[in-house]
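The form predicted on its own is given below as one chain in structure tokens.
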Amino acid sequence: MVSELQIRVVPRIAYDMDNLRDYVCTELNVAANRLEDVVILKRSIDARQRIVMVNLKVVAYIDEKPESSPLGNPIDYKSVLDVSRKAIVVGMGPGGLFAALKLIEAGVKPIVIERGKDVESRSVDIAAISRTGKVDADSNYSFGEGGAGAYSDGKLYTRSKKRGSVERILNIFHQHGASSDILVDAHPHIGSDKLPRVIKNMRETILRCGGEVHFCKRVDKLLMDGNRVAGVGCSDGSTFSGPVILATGHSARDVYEMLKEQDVKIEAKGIAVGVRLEHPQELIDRIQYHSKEGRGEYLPAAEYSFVTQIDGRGVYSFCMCPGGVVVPAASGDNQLVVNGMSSSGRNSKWANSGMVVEVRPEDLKGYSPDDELRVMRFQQELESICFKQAGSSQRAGAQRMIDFVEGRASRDLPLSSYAPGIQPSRLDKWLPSFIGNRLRKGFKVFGHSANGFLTNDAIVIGVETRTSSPVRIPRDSVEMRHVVVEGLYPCGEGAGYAGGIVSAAIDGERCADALVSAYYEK
């Protein structure tokens, strides 16, 4: 007999399988020796009340063993080695990876072109940023196999459920080596220590099926045949022919410059800008779990999410990393940018989150609709100021949270997870006032709603600018191709149509479907 149950239990039961089995036996009124297995299908934490509870959906197997796991539904990828149908995928982040896999499902050979290195080699260049302060412009936290998400946490939670199947994306990650926990948890997370291996496995699927992957090739032009993209040209002189899925990520500024130069229509897009806010994780646990003892033996490191409106613009937390670290996310010279990530265990002693302010193009001095790159230029200007404030290094400026709110210098700083190091800096003075003022007011609101959150034990670290693309590449909402240029499928975060790993992956699949429909199903 197989029984499915919806239960609500304390963490001691939810996170200990022996305790959970005992509970299920009691609920079903069966002897322990009859219960062959219990599998958790869904899990979510409810910490709204003083007593933290966990909601579980489980399946119990009584007097019989499961024939197969109820979790996961692997896809059988067939060979495209000898097919003549092909498509180019520029960029190997989640949008590009999932576009390539979807093309294979449709019997189309993907030719994947990535400006950076493979995920293993890329890790060496990333480590060197903290050690030397030098940034490889083609191999960093933004560029390389896996894209910006590969070493920026691997969070898989998204609200973009109307665009495609989130479950399908999670299943593909699981098929390529991610823990089955991502199929279960309400806020699934792979972790920056585990995601590179999953990405490598996805690449190996592409290659095993006959697709091509070309590393260290930077696309610097579109090959045009009248009003149609016929392929791409790379900086090393190589060319590739075919329709193009452009999935280059939110930091590929040279791609936006290229599109503008080639008169491919683009538009300025709003972004969010602010700081990384870092707290002791123990403090966040105490606040979120309503307990002086923190999370205790069973609960995971606590998360938070804050949002408010200040003077007509949103102020909110972004990419919250419990048990995480702050990382240097610049992608070139004269830049200082910070981001956050967590390992799978989320076991560092710090919690960090982007704390950002909505910025619209019209907020920027001198903006006009004809200035498609104005928001991007604003990003660059702010990152350059931050770099200079740090003495032209990756040593980031920081300020204690209450000092920032009250407009005073921090005499000293607590220990931080940011490996290149931090130094006192008056972020309250050099951040643009329309951002800094809203952040200060927002912090007061968040401190009022969560007692203890506004504290000088926390620090703000500058600057966080890469929350999303500063440019949108407009496309037809049904055909998914560029609104003017044929054969070009703008995809994912870099095109302005996604906001994280899962939404970018879904967008990649949609672009692949649209390309196949237009070119190979007529």
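From a predicted model like this one, the values you see are computed outputs, not experimental measurements. Heads up: residue numbers just count along the shown sequence, starting at 1.
Separately, the form predicted in complex with a small molecule exists; it is not shown, and the next lines address it.
- Comparing 477-485, 33-41, 62-70, 490-498 against the small molecule in the model of the complex, the single stretch with non-hydrogen atoms within 4.5 angstroms of it is 490-498.
- Taken together, the three residues 93, 114 and 143 all lie with some non-hydrogen atom within 4.5 angstroms of the small molecule in the model of the complex.
- Among heavy atoms of residue 149, some come within 4.5 Å of the small molecule in the model of the complex.
- Interface residue remark: residue 245 is not counted as part of the site for the small molecule in the model of the complex, having no heavy atom within 4.5 Å.
- The small molecule is not shown here, and in the model of the complex it never comes within 4.5 Å of any heavy atom of residue 102.
- Contact annotation: residue 219 falls within 4.5 Å of the small molecule in the model of the complex, judged by heavy atom distances.
- For the options 249, 274, 324, 397, the one in contact with the small molecule in the model of the complex, meaning a heavy atom within 4.5 Å, is 249.
- Interface residue among 203, 279, 155, 109 relative to the small molecule in the model of the complex, by the heavy atom within 4.5 Å criterion: 155.
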